[in-house]
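The chain that follows stands alone, in the form predicted on its own, written as C-alpha cells.
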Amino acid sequence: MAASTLPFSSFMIPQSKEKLGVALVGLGYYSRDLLAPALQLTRHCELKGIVTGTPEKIPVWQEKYGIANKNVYNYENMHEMADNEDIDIVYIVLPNALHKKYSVIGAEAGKHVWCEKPMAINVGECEEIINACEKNKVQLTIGYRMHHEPVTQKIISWNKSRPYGKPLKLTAEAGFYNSGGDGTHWKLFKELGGGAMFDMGVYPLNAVRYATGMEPTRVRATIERSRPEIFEADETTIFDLEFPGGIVAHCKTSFSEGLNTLRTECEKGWYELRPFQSYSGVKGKTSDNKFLSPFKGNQQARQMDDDALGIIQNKKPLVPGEEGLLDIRVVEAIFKSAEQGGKEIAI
C-alpha cells in the first residue's frame, strides 16, 4: 500500500497545462455550495467536468460554470473520461458507501483521485482504493481540509516541537443538530455509510492523531440514539482512546448537539482550538495567553491548490490514502467496542 504515496511519472500531466482539470463526482450540497465556488478561486486547478445522476442539474451547472457538453458524465459512463484530456482529477463527493466504487472507476480511467472523507466504510475498501490508484499510477489524496488549514498546521507542528511539553490528555468533540429531514437522507443509515461517526467523528479522531503525532492502541466506545425512529445509524458516539506513553483522549461526535472543540493538556500548559473544524473561523488560544488567529482565505481552495500542486510537482500528497485508512482502522475498532457494550478493544 505504501507504494501509492511514492512519486509517479510526471508525463501524465501535459507540461503546457497551467491548471489541472477537476471533475466533481456528485453534485450535492458540498460540491454545489463549497467546492465549485472554491474552484473559482484556485490557481492550480479548475472545474472542468461533472458527474451526476440527476439530468436536471446539468444545464444549471453548465450555465453557471461554462462546462462543455463533452465534460458531462453520469455514473454509468464515467469510465469514458479516460479519453478526455480536459479532466485530470476526479473529486469523489458521494455518499460514503460509494467512495470505493467511484474512486476505483476514476483511477482506472487514469485520473488522479481526490476522495472526500471518510475515505470508505471499512479497511478493505480503503485498501482497494489505494491498490487501484497504485496500479494505474495516479495520485490519491483524501479530503481532510483541516490538514491544509494554517491554524491546524500550527497545532500539527507542535506534536514535534512540543512547546508545552508532552501531551497528557486530549478532548475532541464535533457535532451538529441533524433533524433527520424527511427521514430518507443517506446519512441516517449505516449501510450507506451514514451516522455521526463517519460524518463528523473522523474530525475528532483525526485531530487527536495529528495533535499527538501518534496512533492509538486501545479504544472504548458507546453509541447512543435518543431518536431511534430517525437514526438507524449512530446518532451519538463517544469514544476514549489510549496512545503510547499513557496519553489518553476523550472524543465525542453527535447529530443531536453542536460540538466543536479540540483541547490538548500537556506537562507545561495547554492549548485549545474552538472551533477546530469549521469551514472558517478556526482559532485557538494557549495557557500562556497566545492567540492563533483565523485563516482569512478559503479552506477548500487552499486544500485543492495544495493537492493539485502536489500532482504537478510530482510530490507525495499532504494527505495520502494511508491517512484515511488509519482513521477507518480505528473507526472499525470503535464500532466493535460499542457493539460489545463498551469493551476495551486493541487497535
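Quick note: we count residues from 1 along the sequence shown, nothing fancier. Here the structure is a predicted model, which means the values were calculated and not measured.
Just so you know, the form predicted in complex with a small molecule exists too; it's not on screen, but the next bit is about it.
Heavy atoms of residue 57 reach within 4.5 Å of the small molecule in the predicted bound form, making it an interface residue. Within this chain, residue 111 is remote from the site of the small molecule in the predicted bound form, having no heavy atom within 4.5 Å. By the criterion of a heavy atom within 4.5 Å, residue 95 is counted among the residues contacting the small molecule in the predicted bound form. Though the partner is left out of this view, residue 194 does not reach within 4.5 Å of the small molecule in the predicted bound form, counting heavy atoms only.
Heavy atoms within 4.5 Å of the small molecule in the predicted bound form map, among the stretches 224-232, 205-213, 245-253, 180-188, onto 180-188 alone. For the options 125, 199, 149, 88, the residue carrying a heavy atom within 4.5 angstroms of the small molecule in the predicted bound form is 199.
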